[in-house]
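Form predicted on its own, single chain, as structure tokens, below.
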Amino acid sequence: MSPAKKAKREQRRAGKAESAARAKRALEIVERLDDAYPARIELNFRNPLELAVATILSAQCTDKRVNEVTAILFEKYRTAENYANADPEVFQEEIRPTGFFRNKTRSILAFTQALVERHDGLVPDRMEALVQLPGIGRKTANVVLGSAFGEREGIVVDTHVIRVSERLGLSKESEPEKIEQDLMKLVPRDEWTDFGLRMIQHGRYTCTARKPRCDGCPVEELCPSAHSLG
């Protein structure tokens, strides 16, 4: 065997060993996060429509603030038709506290108008149908499918999941959809929804953007970035 072929074979073996080690570590991370956090979403909702609207409003906004706004909003707008027929100027003032209210108004009204036109006002329960609606990307679709319908078609990847995935060495990608694909290969499908929710909580309360709380972190010894940030 030539030196070049031998080197290439060794590289393949090293790559397989690294992938196997990452997969084993990922399963341990799944189990530890399972023990550390409840799998719950912090947005208040009663049905798929409310969850979709709340998720759109949650962009660049805390769930606490969104819940304060939707406590009033959801009593006024109960159907997709209610939203679709809303006065944009009135609506944007109603959601102003969530920030980026003009863009969010356009997204929510376009989304609900499409629901009325294409789905009789009902939120579809399949990924391919959801992501074809204006204002709905894979993140929002995964939130709705997982938490409103109990369908596991992907893993929610928000800013917290992006940050934590990189720190834990679960993905080297920077684009949300590519990170999601990496995570889906490592995490068992029946854990996709709960894992995403727990990663979000871990990012919010422990592995924070600034000064992560590495001491006492449930995955401290599995994290290649532990104690190197601050």
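Keep in mind that this is a model prediction, so the values were computed, not measured. The first residue of the shown sequence is 1; numbering continues from there.
Form predicted in complex with the DNA: not shown, discussed below.
Contact here is defined as any heavy atom lying within 4.5 Å of the DNA in the predicted bound form, and by that definition each of E42, T62 and L133 is a contact residue. Of the candidate stretches 82-90, 155-163, 114-122, 69-77, only 155-163 contains residues with a heavy atom within 4.5 Å of the DNA in the predicted bound form. Mapping the unseen interface onto this chain, K24 falls outside it, with no heavy atom inside 4.5 Å of the DNA in the predicted bound form. Taking the partner from elsewhere, F101 is found to have a heavy atom lying within 4.5 Å of the DNA in the predicted bound form. Though the partner is left out of this view, L145 does not reach within 4.5 Å of the DNA in the predicted bound form, counting heavy atoms only. Although the partner is absent here, S58 lies within 4.5 Å of the DNA in the predicted bound form, judged by heavy atoms. Counting a residue when any of its non-hydrogen atoms is within 4.5 Å of the DNA in the predicted bound form, the hits in 202-216 run R204, A209, R210, K211.
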